[in-house]
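Laid out below as structure tokens are two forms of one and the same protein chain, each shown alone and named structure 1 and structure 2.
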Structure 1
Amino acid sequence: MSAASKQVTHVEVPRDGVRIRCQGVSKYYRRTAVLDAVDLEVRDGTMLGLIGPGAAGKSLLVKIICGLVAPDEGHVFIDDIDVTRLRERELQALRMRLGMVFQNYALFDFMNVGENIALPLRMEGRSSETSIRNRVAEVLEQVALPGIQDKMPRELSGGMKKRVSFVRAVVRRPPIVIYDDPTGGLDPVTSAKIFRLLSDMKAQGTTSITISHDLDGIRPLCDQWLLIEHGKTLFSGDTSAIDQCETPYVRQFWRGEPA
């Protein structure tokens, strides 16, 4: 690992406690702003709820935060490291500090479930094979999928793939996790299990951003909220502030009121 990559991987929590910061992040497609000067801050050990209607730009924003997409304007900092200035090898090192749950599962079709989940642990290179097998079995138990290590992704339902993707993201207990709709397509009982895991991760000190359309499920978990619509910030603040917000669209979206 290069010196720059080591610097990216081994970072202390910033003095101001802000682990994720976006400053004026914009992205354009065909001269249309799909993200328009978005700012956010996520402090150590807290969860930010990233909410808004479909196609608002939420998934694009978290891809930019993870360094998977480059912004056209603005900067993203993770632990005071400017993600937008990193080379690919440095980005790969930075992503070792992140867990990412994607909407499209992002499972490798040529690996079985156990291999998919174990991959981050093997890439990290700190655990024995026995420890890895035990950890994989543990996280599958937590999402009510015991004993499916040998199944291939094509043998799984959409809901099962979602849960496998989730546990792969958290199997290393990373300090920062990005959840993109972790309960989308899941039944209420399984969704409740996922929300309990989110709560457990937060209790362990994890810093996270969660995209979800299930406001009832994430309300008890999130400390801060960012509501975007058509790529623009309509609200940024804590739960008390959004509870009291009288901006018509924000109030309607937050309270589930009819238009």
Structure 2
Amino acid sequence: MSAASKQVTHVEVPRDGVRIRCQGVSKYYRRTAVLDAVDLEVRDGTMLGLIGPGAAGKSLLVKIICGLVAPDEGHVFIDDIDVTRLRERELQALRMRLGMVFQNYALFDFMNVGENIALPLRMEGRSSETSIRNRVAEVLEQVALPGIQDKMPRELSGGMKKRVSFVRAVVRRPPIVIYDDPTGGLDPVTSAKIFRLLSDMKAQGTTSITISHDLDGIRPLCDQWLLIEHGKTLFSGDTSAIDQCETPYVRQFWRGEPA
């Protein structure tokens, strides 16, 4: 085992407290930059709000952070480990401390809900079948969906799918969680329930990145903001800075004013 692979299995919060760091991340498709030298930092226990119009590259950026897509330029550090340099085995080990809620649920459609949620635990390979079953029941209870283990994903409503996807992401209790549009396409009541879950997670000390178009919903949750458009950073800073930002587009986006 190399030094790097020992490092990925051993969780240690970096001394400067920055758990996720991107440095000059760029990605090109057919010679056009869909991400252009993006930098970001997320400190331990805080939440970053990643906002921007559609097709800005938000989903792509978080996939690069998880090592699902390799960037063309730049580096991504999770707890000071360079994700872009890891081999597949090491990435798998590193992902044990990451959770992700996908924009379009990404529930495994050939498995029922219980198996969907159990898979991360099985892959971790630490718990017995009984304790896995108990844990699945427990987390489903927490999101107010008790006893739906035997349902197939296609039988669920959008809000239920989002919650199952949320549960699957956090079932291993990862210290870092990424939410890609957790309330997209949901009614206000269900959205409020989901934001409640996000705030609970934050209260428990998880570090997170949240992508959302529902600014009113995430405004009280996030500490830092990153606004990107066409892959370019338009704003990066904390809530008071974005409140005072004078750039016209940022103001429009932040306050929801028409152009």
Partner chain sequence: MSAHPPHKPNVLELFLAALGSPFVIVGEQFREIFKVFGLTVQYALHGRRRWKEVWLQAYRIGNESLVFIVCVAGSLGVTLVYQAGLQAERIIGDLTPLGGLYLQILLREFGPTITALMISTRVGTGIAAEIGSMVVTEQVDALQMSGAHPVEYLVVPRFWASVVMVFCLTCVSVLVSWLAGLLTALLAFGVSPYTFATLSFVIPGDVILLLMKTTAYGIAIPIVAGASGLSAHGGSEGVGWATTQSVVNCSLAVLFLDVLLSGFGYLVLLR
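Please read these numbers as outputs of a predicted model, since none were measured by experiment. One-based numbering along structure 1's sequence throughout. Superpose the two forms; the largest set of C-alphas matching within 1.5 Å is the rigid core.
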{"property": "Answer for which single form is the form predicted on its own", "result": "1"}
{"property": "Flag for R126, CA shift 2 Å or larger between structures 1 and 2 after aligning core", "result": "yes"}
{"property": "Backbone CA shift between structures 1 and 2, G158, after core fitting (angstrom)", "result": "2.8"}
